[in-house]
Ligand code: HEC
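Here we start with a single chain on its own, the form predicted on its own, put down as structure tokens.
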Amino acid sequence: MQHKAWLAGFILLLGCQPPGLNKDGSPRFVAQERDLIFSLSPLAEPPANPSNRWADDPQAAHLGQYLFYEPRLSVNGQLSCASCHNPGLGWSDARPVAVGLGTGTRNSPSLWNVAQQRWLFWDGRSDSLWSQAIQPLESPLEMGHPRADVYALFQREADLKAGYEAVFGPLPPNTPAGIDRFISHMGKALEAFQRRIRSGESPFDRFARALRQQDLPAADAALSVEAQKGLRLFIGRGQCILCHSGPHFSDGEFHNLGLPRRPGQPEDPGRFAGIAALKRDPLNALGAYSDLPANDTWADKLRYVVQQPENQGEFKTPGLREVAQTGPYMHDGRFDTLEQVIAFYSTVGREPAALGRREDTLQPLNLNAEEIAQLAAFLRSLSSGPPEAALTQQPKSVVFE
């Protein structure tokens, strides 16, 4: 909280300074602005996950990629993880809300840079990528396959059994604890694959690198004047950086934006319910199936998280890299375009929140049409292009060769 207060004061100071421009109309970024820009780039390697000893194991990643595209994991044999996380659709599904065996109530989050996330799901009900991966598999609205039936599938299908045993050894015994161990291994393989879904260098990254090197011609070549003006708004008067901070463009936390209720949609408590689900999940980082060493501080985020009434209606801040690929937007997919999202922030607070209380820090930006276009241009500059081709299809064999 102290860091966020300092950053808010820093941004307020910037807002009091005259917006210097170069001859071509691009911003002449002052030292304080450059420091904020440099805090957003480059994107680092994913942080370690000591709760998964196979997190960066190539064989586990290969198995995870095979399972990610495998429809046999669904109860009807027609759905896979890629059904809602299509690499050709920004690792999402381009739908307002997820559709599997049934229709959900939340938007399918993109998997771009998913290993950078502190919490998983819109409500943060998982504290690791491996524990998150199991819930869609079993959800009756998604793939609908109970873990005991998935275990039986691996016993029955020789190729799946061989792939599993090549990484984790013999299948555990057919007991409740053995099946839980098996399903945790599946999640850990899926995490190992998904940790590889990373952004490349974006136009914004090239701009930030050139600015750091004081190569102004290269900076101007990397980012249009319109996008540079949007960047100034992002780190300055728009205060977007307060929540969309760091190279992942997310503070990793939860906020109530005061989104009004949508007709026909149920109340969604968001983080309030997510914390309760996280605490009781036997696959969390403090559970029996975690590889975390005793007293490891990595799980402090789980040890000390507390459910509070203020969590009602809070949802996770998404990262913004590749955001132009991942619409519709918000936890319920209510906005189709980036311009609609920005327009919401421009007029925020005109309607009551669906649940809970909108954060006081959110005030209307009162942007004009030109400024909305500038911010959208900057957000589009965070895209690095299509995913690595090798990640976009199922390997020919389940066993790593």
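The numbering used is simple: start at 1 and walk along the sequence shown. Everything quoted here is computed from the prediction, not taken from an experiment.
One more form of this protein should be noted, the form predicted in complex with heme C, which is absent from this view; the next part is about it.
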Only one of Leu320, Leu211, Ile275, Val167 gets a heavy atom within 4.5 Å of heme C in the predicted bound form. Which one? Leu320
Go through Val99, Ala94, Leu171, Leu216 and name the one with a heavy atom inside 4.5 Å of heme C in the predicted bound form. Val99
Phe234 within 4.5 Å of heme C in the predicted bound form, heavy atoms: yes
Looking at the partner-bound form in the predicted bound form, is Ala353 within 4.5 Å of heme C by any heavy atom? no
Give a yes or no for Gly163: in the predicted bound form, does one of its heavy atoms lie within 4.5 Å of a heavy atom belonging to heme C? no
Is Thr361 a contact residue for heme C in the predicted bound form, using a 4.5 Å heavy atom cut-off? yes
Three residues, Ala227, Val348 and Ser383; all within 4.5 Å of heme C in the predicted bound form via heavy atoms? no
Given 129 to 137, 287 to 295, 171 to 179, 202 to 210, the stretch touching heme C in the predicted bound form at heavy atoms within 4.5 Å is 129 to 137
Contact check, 66 to 100 vs heme C in the predicted bound form, heavy atom within 4.5 Å, ordered by sequence, gives Phe68, Ser80, Cys81, Cys84, His85, Ala98, Val99, Gly100
